[in-house]
Ligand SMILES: NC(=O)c1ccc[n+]([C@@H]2O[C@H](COP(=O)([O-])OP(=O)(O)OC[C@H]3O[C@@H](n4cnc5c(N)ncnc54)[C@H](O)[C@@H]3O)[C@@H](O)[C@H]2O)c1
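Take a look at this one chain, the form predicted alone, written out in structure tokens.
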């Protein structure tokens, strides 16, 4: 693979998780190189920030140009792809701008705040002849890929039910508290719940109907409990930004099959076979952020047709499904056919 030069736009909390992926590429000799970062707040270039992904960790900035002015970065730096780690309400604007500038785009999730924005982003990528990928990172997470392999292979029989959860205190680390403004973040439903909504689609395809109930507090849909109806079973998923400030972020699942129950809890998977002792499977150590960026780099190098794992069209469909769940919640939990 020829060298791929990347610039990052926005250098807040999630960007620093992306930054560690580029450090991994450097260590392993993969020719994906972060050459510049841009953020309107110069303090972000030195700030070590903790978000709900875990403890804050230091990072290296040597050899990376730093900008507070995007136009200046575009004028002075040569790069092939931009990694957009801006707040959700800026995703469409800067994706369109970077595509028009001739750059491939990796954009953090969610794709945008509404279906119309997503369609505009898809059309812009097609018009520019550039690739667009949205950071639906659980599609590259070994703990969830293990579950997908079990479902697809049928080695524990048919799925009987699946529960997923993602729970967090209200995020308070964001620029100008944008997470806490529904019109900018979409609330917990579009920012946090979207991971499990996307995973339901990734694992099982689109449901035939959905319903949801929600509670509002600082944001709309700050707690949301969703159901996804399939012909043989129902999937449930819960997300919350209502946890007490001292609570640690928690995410997991419980999948019941004919011949086993599989549980992800406290970042550990345990398999409980119906006729054998429980065990913890050995999983790969892949960094999900690195793997999604690596796939986009391969697509740029080899051709877009190799991406069947994480297409922008699927990311747009996930936004549409979250919006349908919010509609059901606003209707008191009404079941809505798809």
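For clarity, every value in this text was computed on a predicted model and none was experimentally measured. Positions refer to the first chain, counted from 1.
Beyond what is shown, the protein has a form predicted together with the named molecule; the following relates to that form.
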For this session: Verify the contact flag for residue 9: yes if a non-hydrogen atom of it lies within 4.5 Å of a non-hydrogen atom of the named molecule in the predicted bound form, no if not.
Result: yes
Exercise. Closest heavy atom of residue 40 to the named molecule in the predicted bound form, within 4.5 Å or not?
Worked result: yes
Exercise. Might residue 198 be said to contact the named molecule in the predicted bound form, defining contact as any heavy atom within 4.5 Å?
Worked result: no
Exercise. Do residue 289 and the named molecule share at least one heavy atom pair within 4.5 Å in the predicted bound form?
Worked result: yes
Exercise. Do heavy atoms from each of 202, 307 and 311 fall within 4.5 Å of the named molecule in the predicted bound form?
Worked result: no
Seminar exercise, completed: Note: exactly one of 14, 21, 316, 326 sits with a heavy atom within 4.5 Å of the named molecule in the predicted bound form, namely 14
For this session: Taking 4.5 Å between heavy atoms as the contact cutoff, choose which of 163, 182, 261, 174 touches the named molecule in the predicted bound form.
Result: 174
For this session: Within 4.5 Å of the named molecule in the predicted bound form, counting heavy atoms only, one of 124-132, 154-162, 88-96, 227-235 shows up; tell me which.
Result: 88-96
Seminar exercise, completed: Within 93-123, the residues having any heavy atom within 4.5 Å of the named molecule in the predicted bound form are 94, 108, 109, 110
